[in-house]
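So this first bit is one chain, no partners, the form predicted on its own, shown in structure tokens.
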């Protein structure tokens, strides 16, 4: 009953583990870390005092339930779809839960039951979602306290790499978080946002054509595409009255137009499994998506997508016109593309990732339209101790400490949008160099 229990020990876990490890040692308890493969965390944490590592099949219901039952609190860094199974066990065994993932409809449905028995199921307490919520709410609450009436909200975030880490990569992008989420970014329902009281819908096949450009002091110039659904944050942020509401994702210049070509070709399709012959090359896979698929593939891609030489260069750099064999022969195109990208967009030992976040808020004060913006940039230390891991793991770790020390009054399924969360968490994050 004295252990903290962590499910998931992948890329985003190290800073959370190291933070909670110190808390556990100071409070005479242990942190039990469970994953199907615990080697990443185990090999990258030097001081393992107070830590216990356990390999676990998350679908071993009896084992998982026994661990939850014997824990003091549960933290989940598992893929988002698995949180609900952990949450139901937490509900059954009266345990608080913390995750960094978006609140799913299934999780939201547990709100009243969790609230009635006095539990906290905290979600969306990482980077985006997480730090974006807390910093935006702090900013908006300050504006409201000063008598301002908010009429416009924009927020953007990107997990990138520093200029020194680009190397010869013309995409100027490498993976610092889940590659699958990058490949499927924007897929599915159209992106929707509000602009000057008009609803805007951008379908997936056009998403990466619709970009805006931002210059951020000390960080550079970035392009942004719209996230899936900005409108749902109007309720979460108490902004039902605003005329404009938009959230988006940052990339470096040139990425979006090249990724648009990938999308238009159909290479991000995740609905239809392919069964390709052993020895199939990347160019043969690409040719399957072209009407002719013979001769000069570059010319055919240009004719179909109307892309430029710069976009062709990026596809060529990935090897799509070459004769290397595919890394896998069975799977959807999205899965195949992910395996192609992993070695190409892998963080090298000397690479440093980069987090960039921007909020721009418009408001009426004393009859005048006013604007206020803040930004945050953070560089990683290494390929393991990344800025992404830091900004995902530390907010959740600090929130778990607040819950364990009985400093949070709210109950139920929560996001950290109230001052009892954002004030202490943002204040402590500044000690780690995370500040706006």
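None of these values were measured; they are calculated from a predicted model. Numbering follows the first chain given and starts at 1.
This next part talks about the form predicted together with a further copy of the same chain, which is not shown.
> Please pick, from 184, 287, 234, 80, the one residue with any non-hydrogen atom lying within 4.5 angstroms of a further copy of the same chain in the model of the complex.
Only one option qualifies, and that one is 287.
> Let me know the one among 178, 192, 138, 165 whose heavy atoms come within 4.5 Å of a further copy of the same chain in the model of the complex, would you?
It is 192.
> Would residue 198 count as touching a further copy of the same chain in the model of the complex under a 4.5 Å heavy atom rule?
Contact check for residue 198: yes, within 4.5 Å of a further copy of the same chain in the model of the complex.
> Test of understanding: in the model of the complex, would residue 108 fall inside 4.5 Å of a further copy of the same chain by heavy atoms?
It does not: once a further copy of the same chain is placed as it appears in the model of the complex, residue 108 has no heavy atom within 4.5 Å of it.
> In the model of the complex, does residue 213 have a heavy atom within 4.5 Å of a further copy of the same chain?
Heavy-atom contact with a further copy of the same chain at 4.5 Å: absent for residue 213.
> Indicate whether residue 209 is a 4.5 Å heavy atom neighbour of a further copy of the same chain in the model of the complex.
Residue 209: contacts a further copy of the same chain in the model of the complex.
> Spot the stretch among 83-91, 200-208, 170-178, 347-355 with residues whose non-hydrogen atoms come within 4.5 Å of a further copy of the same chain in the model of the complex.
This holds for exactly one stretch, 200-208.
> Judged by heavy atoms and a 4.5 Å cut-off, are 158, 256 and 311 together in contact with a further copy of the same chain in the model of the complex?
None of them does, since no heavy atom lies within 4.5 Å of the partner.
> Hey, which residues along 238-266 are within 4.5 angstroms of a further copy of the same chain in the model of the complex, non-hydrogen atoms only?
Result: 263, 264, 265, 266.
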